[in-house]
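Before any questions on binding or motion, here is one chain by itself as structure tokens, the form predicted on its own.
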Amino acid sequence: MNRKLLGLLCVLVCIYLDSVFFARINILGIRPDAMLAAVVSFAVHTGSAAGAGLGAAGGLLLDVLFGRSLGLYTAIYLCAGFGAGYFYKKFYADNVIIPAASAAALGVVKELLLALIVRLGGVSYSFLNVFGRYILPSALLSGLLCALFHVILKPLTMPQIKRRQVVLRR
């Protein structure tokens, strides 16, 4: 499957999951970040540039559709895709621990950044309470969702990698 078409399909599925599915089905208000999970998994399979591109496209679409400020989610997901692309070709492709751990760590960083922005906006809250009840569980669920995306995206992206390697050898 074409990488751009696969990226578009991932973005659309993630927007549905984030805005409809996980909004209705959540436990105690905790929801995984499907866009982050897909961006990390896509970046690990295809590299930093493709991951950053998918992150920027998905983040921009989220900003336009649901965000209060244009560019916040775009910057967050772009950086997440670029950072997760560091693991491209650096580990065995069947290993789901690296992308899942990356998504969980990036989920914590993303939520901490958003909590800081909310705090700077003047909202008062108990940081330890928010961290323990929402940020950490949400990041762990995002890591588990990334492991699922990793398993799903692997057969869709690996033929492209093999095809490129064959072309380069000729």
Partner chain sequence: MRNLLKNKPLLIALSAVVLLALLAVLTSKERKLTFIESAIGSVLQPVQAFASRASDSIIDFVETLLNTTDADLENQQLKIHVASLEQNLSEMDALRKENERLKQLLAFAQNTPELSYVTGAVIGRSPGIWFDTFTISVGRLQGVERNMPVVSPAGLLGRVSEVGATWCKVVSLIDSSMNVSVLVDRTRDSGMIRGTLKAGTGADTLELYYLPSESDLLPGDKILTSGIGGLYPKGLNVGEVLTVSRAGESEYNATVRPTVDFKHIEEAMVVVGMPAIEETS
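Owing to the predicted nature of the structure, the values given are computational and were not obtained by experimental measurement. Positions refer to the first chain, counted from 1.
We do not show the form predicted in complex with its partner chain, though everything after this point is about it.
Between 141-149, 128-136, 37-45, 98-106, the stretch whose residues reach within 4.5 angstroms of its partner chain in the predicted bound form through a non-hydrogen atom is 128-136.
Residue contact check for residue 28: one or more of its heavy atoms lie within 4.5 Å of its partner chain in the predicted bound form.
When its partner chain is considered in the predicted bound form, residue 120 lies well away from it, no heavy atom lying within 4.5 Å. Its partner chain is not shown here, and in the predicted bound form it never comes within 4.5 Å of any heavy atom of residue 9.
In the predicted bound form, its partner chain sits within 4.5 Å of a heavy atom belonging to residue 62. Heavy atoms closer than or equal to 4.5 Å to its partner chain in the predicted bound form belong, across 53-76, to the residues 61, 62, 63, 64, 65, 66, 67, 68, 69, 70, 71, 72, 73, 74, 75, ordered by sequence position.
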